[in-house]
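For this one, two forms of the same chain are given in structure tokens, first as structure 1 and then as structure 2.
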Structure 1
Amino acid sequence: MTTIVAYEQSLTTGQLKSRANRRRLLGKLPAIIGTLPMMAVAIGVFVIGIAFTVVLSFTNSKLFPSFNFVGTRQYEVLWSTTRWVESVKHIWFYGLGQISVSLVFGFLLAVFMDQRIRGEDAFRTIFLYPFALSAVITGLIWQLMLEPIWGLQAAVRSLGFTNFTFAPLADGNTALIGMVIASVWQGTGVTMAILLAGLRGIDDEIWKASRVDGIPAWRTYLSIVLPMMRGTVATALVLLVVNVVRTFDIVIAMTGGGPGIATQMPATYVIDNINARNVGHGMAAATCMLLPIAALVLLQAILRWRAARKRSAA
């Protein structure tokens, strides 16, 4: 025992740190081994799949993938196609509507839940229930509700309001509004849950100080609490943007892209081209869909890096 103690004392600080690091690594080894299958799937499905999509977008692949490269011709054709340009306009309108309304209502619901109300678990379940439904089920439900003969319009007219009109899906000029309503109904609950977690992480001393200073509660939320929840809001925003970009099921269930091409979306455009044996063109459209998500994730990473750098410098 004396010999072991003397040996430990004779080690330099660097050697002791090295041995400690090796012990920590060995302790984490089972966890690392356990995550290897997940890492392999993530790399194989996502990273390689995305790379394969980008490569095929520069080819003239038809029914089957080929590596006959044609440069940027697919992108030139893509952005000169009226249907694609219209689908991009549609997703901007749909996305801005869904994201802004979901964030506003999600935050209001989170504030409501943050009051430690009675029956909080029941309310949380009710608000999150729409998110548990598939987009197809959500689309079918709202298609029925917005249908002029059997839906909300017919129900209100049966009460005596015979001039009431609300059938957005029947008109190409308002069909996107009906889709926004359905998507907000489905996505607000999970946005609320994310923002509620951020609210619960705010130090109680902030609220005590605001009450002492006589600051109204609404001003505290907007001027103090929201800026402190930047990371939480960014997480909710990324999830909403991803959900908007990959919008497909709810379109097919509610409108099928119609009337005409009034609700055509980039995802439906990609699938239609792949089904039409125009894989290269579809991959070019899919690559364009990837760019806003990649830009948003990169921006979030930069902001987090800058925040970490400021903390380390302070």
Structure 2
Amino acid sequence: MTTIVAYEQSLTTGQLKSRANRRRLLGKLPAIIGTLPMMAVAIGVFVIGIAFTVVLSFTNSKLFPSFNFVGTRQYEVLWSTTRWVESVKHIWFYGLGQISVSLVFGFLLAVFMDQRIRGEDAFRTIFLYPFALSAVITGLIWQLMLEPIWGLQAAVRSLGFTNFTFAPLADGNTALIGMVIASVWQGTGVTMAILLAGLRGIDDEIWKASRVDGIPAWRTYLSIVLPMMRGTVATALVLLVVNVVRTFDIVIAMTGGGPGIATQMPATYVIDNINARNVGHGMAAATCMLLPIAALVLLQAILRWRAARKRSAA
């Protein structure tokens, strides 16, 4: 026993520190082994994978990756390809349409749900169930609903309104509207659930104060409550944006991209180019899809950093 103590004492502090370090490292070793899959995914897929895609976008890879660099040639071709340019326009139209309708409709639903109504659980179940379904199913149901000969249009006409016209999918100019309806049907419940949680996080005192001041409820919602829950709105918005950029399944199931190329999206463009063994070109398109998401994440990081700095300054 005493020899051990003497031995320990004979060690310099430097040696002691390095031994402690080693022991700490050894203690953490299982944690590092346990998180190997996470490291593989984070670095192998999300870092190297994305870098691989970006690098390939500057090559003329066909089926297999080649490192025959062609500069920005793929991007030049991409932005002069009608189908890509149209796809980008479509995603803007579809995205702005879906996001604005989902936010407004979702907020209205959340506000109405918040009026101490009866059967709240039943309503919530009804508003949310489409989200449990696959986008393929959503696409197929709405394709039938909007089918000109048998769908909604025919049903309303058979009631006597023979001039009633509502078959957006049949016409290239309106097909995207049909897709917006289907995606609103599927996704609004989630927006409602998130916004409702935000509404319920508002302090009751706010309501008491606004009632004392005689402010009508709708004004309180718009001018006081809504600005107070901008964090929740931002969350709902980010989720909607991420889902819009990914839009693929619903296009395939609902319209297959048609009529013509009226509902093609960037995501279908990338997949088609991979299938057509035109990988370099497809990766240029994929890189363009990544940019808005990267910008969004960067913006969020900056906002968070600024908030943290403000907090530490206060």
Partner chain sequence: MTALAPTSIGVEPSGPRPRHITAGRIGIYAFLIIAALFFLLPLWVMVITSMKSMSEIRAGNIFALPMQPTLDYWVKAWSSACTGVSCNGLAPGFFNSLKITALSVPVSIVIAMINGYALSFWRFRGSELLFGILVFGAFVPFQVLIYPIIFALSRVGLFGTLPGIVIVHTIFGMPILTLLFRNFFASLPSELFKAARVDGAGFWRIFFWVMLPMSVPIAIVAVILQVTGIWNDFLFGLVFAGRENLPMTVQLNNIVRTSTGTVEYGTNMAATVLTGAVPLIVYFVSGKWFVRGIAAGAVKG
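Whichever C-alpha set is largest while still superposing within 1.5 Å between the two forms counts as the rigid core. Please note that residue numbering is based on structure 1, beginning with 1 at the start of its sequence. Just so we're clear, the structure is a prediction, and the values are computed from it rather than from any experiment.
Chemist: Can you tell which of the two structures I gave is the form predicted in complex with the partner chain?
Modeler: Looking at both copies of the chain, structure 2 is the one that matches the description.
Chemist: So, does N275 move by 2 Å or more at the CA between the two structures, with the core held fixed?
Modeler: Comparing the forms between the two structures, which are aligned on their rigid core, N275 does not shift its C-alpha by 2 Å or more.
Chemist: Honestly, after the rigid core fit, is G256 moving at least 2 Å at Cα between the two structures?
Modeler: G256: C-alpha displaced by less than 2 Å between the two structures.
Chemist: Using a rigid core fit, what is the CA shift at L303 between the two structures, in angstrom?
Modeler: Its C-alpha shift, to one decimal, is 2.9 Å.
Chemist: After fitting the core, how far does the CA of I33 move between the two structures, in Å?
Modeler: C-alpha shift for I33: 9.0 Å.
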